[in-house]
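Consider the single chain below, provided in structure tokens and representing the form predicted alone.
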Amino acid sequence: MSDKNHQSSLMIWLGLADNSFTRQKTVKFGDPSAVNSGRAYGIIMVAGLLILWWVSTNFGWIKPIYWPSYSEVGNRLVKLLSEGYRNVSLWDHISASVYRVLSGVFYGAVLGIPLGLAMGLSSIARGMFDPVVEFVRPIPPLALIPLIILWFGIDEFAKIFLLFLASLFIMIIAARSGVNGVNISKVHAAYSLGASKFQVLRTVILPNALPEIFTGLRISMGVCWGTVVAAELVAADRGIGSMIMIAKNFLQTDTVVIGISIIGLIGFGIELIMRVLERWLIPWRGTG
């Protein structure tokens, strides 16, 4: 199979062979009135869930051991803010988890983006690394915990390494997809104007690959937040995941709910920040 056919099949497999349909959907559903309507429905949905929480707990539909009431959660939150949890302040738990997640995503991006770009640009790199990436990528990071403990012990490095693995293959696929989605006519146009390979890489390939890379960053951030609880199972004395697991053992459901809510809120906040950065750094996204 030629490189051209391989690239075409890979682009189809990744759903990037033609982004005209995506642009049409963006135009159709990106109308301000449609966006505002969607936000209104989202607010209604959240409000409905909060009301259901209040009704189900106050009328005894759900036992407190399964889901706490607002008052129980509020009292526990005040106690956590003032006394911390197991001699560690709530802010130290939060900062430990945030540091681990950001470190895992950072190191995954530092290694994964160049490797993904190389696989997209070079058939040799693609042939060397593609079998390994496609074999390891479907393996859940949680399944690697026993090996990570065996290799690196239970220190901080082991937790960050697990999150690094959770991020690495997402960033490789995102960067490779970004390169495969570059319109070849733009590359030919740059060469016809006398651009060197480095200039083509800097002015054509990277700008076109950045949207996919940013999408990979957002996905890997979410995956790492979902993995941080398991990462902090590895003999962690601080971190939101550690707090949740210890509270679960003592049937402190209110603490578990608070920890889950904190993870959700921080993850949502990071997602909003990533969207703002994407609009600021990649204003050309979706313009073809």
Partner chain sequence: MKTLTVEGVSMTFTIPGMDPIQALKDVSFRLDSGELLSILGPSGCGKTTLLNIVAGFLAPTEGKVVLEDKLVTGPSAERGMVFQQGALFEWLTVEQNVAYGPSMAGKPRRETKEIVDHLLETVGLRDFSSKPVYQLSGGMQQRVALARCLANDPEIILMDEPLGALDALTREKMQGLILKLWKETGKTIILITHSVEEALFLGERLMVMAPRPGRIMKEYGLPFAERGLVEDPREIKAASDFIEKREEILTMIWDMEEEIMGHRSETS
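Residue numbers count along the first chain shown, from 1. Bear in mind the structure is a predicted one, so any value in this text is a computation, not a measurement.
Beyond the structure shown, there is the form predicted in complex with its partner chain, which is absent from this document and is the topic of what follows.
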Would you classify Thr215 as touching its partner chain in the predicted complex, given a 4.5 Å non-hydrogen atom cut-off? no
Test of understanding: in the predicted complex, would Pro207 fall inside 4.5 Å of its partner chain by heavy atoms? yes
Find out whether any non-hydrogen atom of Tyr191 is located within 4.5 angstroms of its partner chain in the predicted complex, and reply yes or no. yes
Taking its partner chain as it sits in the predicted complex, is Arg202 in contact with it (heavy atom to heavy atom, 4.5 Å or less)? yes
Only one of Ser123, Asn75, Asn183, Asn87 comes within 4.5 Å of its partner chain in the predicted complex by heavy atoms, so just point that one out. Asn183
What is the one choice in Ala158, Val98, Ala195, Val133 with a heavy atom within 4.5 Å of its partner chain in the predicted complex? Ala195
Specify the contacting stretch among 133 to 141, 103 to 111, 207 to 215, 160 to 168, defined as having any heavy atom within 4.5 Å of its partner chain in the predicted complex. 207 to 215
